[in-house]
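Only one chain comes next, encoded as structure tokens, the form predicted alone.
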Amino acid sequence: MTPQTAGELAATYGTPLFVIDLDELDLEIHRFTDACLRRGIAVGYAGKAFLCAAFAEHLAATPLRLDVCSLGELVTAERGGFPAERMYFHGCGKTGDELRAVVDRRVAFDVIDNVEELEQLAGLASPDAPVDVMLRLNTGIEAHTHAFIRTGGENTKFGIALDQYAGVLTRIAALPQLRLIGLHAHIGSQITEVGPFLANLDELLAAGDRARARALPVAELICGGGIGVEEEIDDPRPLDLDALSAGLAARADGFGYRLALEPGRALVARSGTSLYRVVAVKTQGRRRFVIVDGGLTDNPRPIIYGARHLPEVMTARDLGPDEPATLVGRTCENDEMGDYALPRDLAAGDLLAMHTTGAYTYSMASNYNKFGRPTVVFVRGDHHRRVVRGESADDVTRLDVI
């Protein structure tokens, strides 16, 4: 994004502003589908990374599948025209309404996380119209990532432990209203090595064979996502996608299973940019703070995960040499977004762009301090359009009852 484009977008829509570059997004979609589909590996986008109706509409025109993990995500996808036969339901605590959506065939299948969910779904489904399901397993493979984004191993809430798997197979074999079509395991996020994926697949292959030995029709193994993303677009890729897909295909060769991956952040992160206006610059002791008009409410990742999104100055004027600064938001928290080198003469009104913010920023946005969530804009070439309206003060109080 050029300073001219950033300035035009900020002038048109205001800041903070969440921008998705569709050209960049399509390049990432092609990179995944090219590496995976030719090896028979399906690709499903993890909707929790970012989803709005217009985004679902865009994905519907691609070969991607879509996983949703709430009724809200499902309705959003439906409003975007995403086909039910390419969607599936995730989540470790599904409500009755969400399980009824599965039974009503609003998605192709459900990924069951625990025994309680299995029993609830069985109570809603009918033997006359069996529901397709997968089991989410906790294979015990731990990705060496931040504890909050680790989803495998004994210290996480996700999936069915392998020592409970035999009992779950026995139970599901006795339920004609459920048809076990596959297994799933996700081990974490920001994974930068192929090895953990292969170890996870080994466990899934063994588990699949155990299910088949009981005449359960397991045909697909979903190997999760969590593929590492670089901080800046020009940085080297932290994980070789072609090596990953080739390694998975080779490992599963001869077993007779279809494979799938479900990247979320790795598909959308690079295409997203957050635009902010500087509202104040101040010095406290030895620290210089650059305060912007966003922060924790539209991008909680830095304060939750220690994530970094390098800022770029989009103001077209000479701002002098860079000096150390702490970029912070305007909430009533110490919402530090990172220590960076920023121009010495940066001042209120200057425009900043934070890159690779496409995932887990807008989707995790909140109304803390009663701030409104930002406008979302799609950009393609020189054209742009608003796809989500920014929230006003009236919007953030619309649910109050007095």
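Numbers follow the displayed sequence, beginning with 1. The structure presented is a predicted model; accordingly, all values stated were derived computationally and were not measured.
Omitted from view is the form predicted in complex with a small molecule, to which the following refers.
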Pick from G295, G159, P263, G182: which has a non-hydrogen atom within 4.5 Å of the small molecule in the predicted bound form? P263
What is the one choice in G272, G208, G329, G225 with a heavy atom within 4.5 Å of the small molecule in the predicted bound form? G225
My question is simply whether H355 lines the interface with the small molecule in the predicted bound form - judged by any non-hydrogen atom within 4.5 Å. no
Mark I41 yes when one of its heavy atoms lies within 4.5 Å of a heavy atom of the small molecule in the predicted bound form, and no otherwise. no
Does at least one non-hydrogen atom of Q120 fall within 4.5 angstroms of the small molecule in the predicted bound form? no
Hey, in the predicted bound form, is A46 touching the small molecule, heavy atoms inside 4.5 Å? yes
Within 4.5 Å of the small molecule in the predicted bound form, do we find a heavy atom from each of D67, S189 and Y305? yes
Given a 4.5 Å cut-off on heavy atoms, tell me which of 124-132, 189-197, 239-247, 274-282 is the interface stretch with the small molecule in the predicted bound form. 189-197
